[in-house]
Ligand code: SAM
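Form predicted on its own, single chain, as structure tokens, below.
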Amino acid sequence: MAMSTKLSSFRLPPLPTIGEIIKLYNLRAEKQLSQNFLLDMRLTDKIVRQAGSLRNAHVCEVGPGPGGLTRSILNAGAADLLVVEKDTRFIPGLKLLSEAAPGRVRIVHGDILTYRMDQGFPSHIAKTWVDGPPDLHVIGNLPFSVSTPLIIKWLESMANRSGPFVFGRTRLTLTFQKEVAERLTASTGSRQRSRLSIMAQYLCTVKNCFTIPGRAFVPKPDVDVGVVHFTPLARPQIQQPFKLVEKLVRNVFQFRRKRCCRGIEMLFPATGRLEMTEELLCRADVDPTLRPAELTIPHFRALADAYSQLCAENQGLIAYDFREELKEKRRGRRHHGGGEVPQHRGL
């Protein structure tokens, strides 16, 4: 795809304001879809600046809605902007923007959770993983309902170098509820330290850029919004399969107020549980009295490596899920006329 050097100074022609677009097409933010419009172009410009230089870049915008952020991306000089929008109501307004920026906007009417972004851009923009990031950016003011499942999906794609990461270490600039943004960037020992903190930080450099007050959105959400920038690491801090790391971290944080050994125990079948937990902690050289939030990324790396070894030595261990064991016990009790097996706290 040919790139014009003139694009760097390209500005959109006069257009109806985003507020006028909303009135023109009778657009309303759907509460059940957790949609909130950002009408202030100064704020959309500020979000776009967090992505870095977009001059002549390829960009995928997630959920553009009425197109406020879209305008800021185009004004920043993006040469190729792919917008993925699920809601049919927004397509006419996006087509208006496409006509105002000929050859620069491609509209996909679809769901970002299933869209094949690896097929959305030319292969020549790809860089090897150890090189710098490609000239491809993913940017989005995400609906709250999709933001957490989407970032988990992209973190897994990052680990597997699939989806937007077939092109290399593609950077992401996304909005989240303020609390989620704080979890993604929380440091060891902080109150917000969580599963999301570990999963994001072992794979990326994560930056909480700034907070947008809820009153800036229409309709006003009950929470403020954080803008977060992700740059994949050339070498992930944990060298184990994503699913193994995710299972370990999820188990550790399910009892976040208890000692870490409590969640680690649930990685193992009831028979031999305590012995295998002790063996894992011994191999990883991790203090069992530490709370989950006190564990560093190197702690999780040691735990993941030790857990991988134990899985290799014990057939079927990687597939073990204590929830399934609990279900079996309940079914057995009911079959024999007994009562319910009490559920573990914190599940």
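All values derive from a computational prediction rather than experimental measurement. Heads up: residue numbers just count along the shown sequence, starting at 1.
The form predicted in complex with this ligand is left out here; the points below concern that form.
For the options Pro241, Gly110, Gly272, Gly132, the residue carrying a heavy atom within 4.5 angstroms of this ligand in the predicted complex is Gly110. Among Ile318, Leu290, Leu38, Ala306, the residue placing a heavy atom within 4.5 Å of this ligand in the predicted complex is Leu38. The candidate spot formed by Ala181, Asp224 and Gly226 lies out of contact with this ligand in the predicted complex, as no residue has a heavy atom within 4.5 Å of it. This ligand in the predicted complex comes within 4.5 Å of no heavy atom belonging to Glu99. Using a 4.5 angstroms threshold between heavy atoms, Val146 counts as touching this ligand in the predicted complex. In the predicted complex, this ligand sits within 4.5 Å of a heavy atom of Glu85. Although the partner is absent here, Phe90 lies within 4.5 Å of this ligand in the predicted complex, judged by heavy atoms. Of the stretches 264-272, 243-251, 226-234, 111-119, only 111-119 has residues with a heavy atom within 4.5 Å of this ligand in the predicted complex. Residues of 259-295 are not found to place any heavy atom within 4.5 Å of this ligand in the predicted complex.
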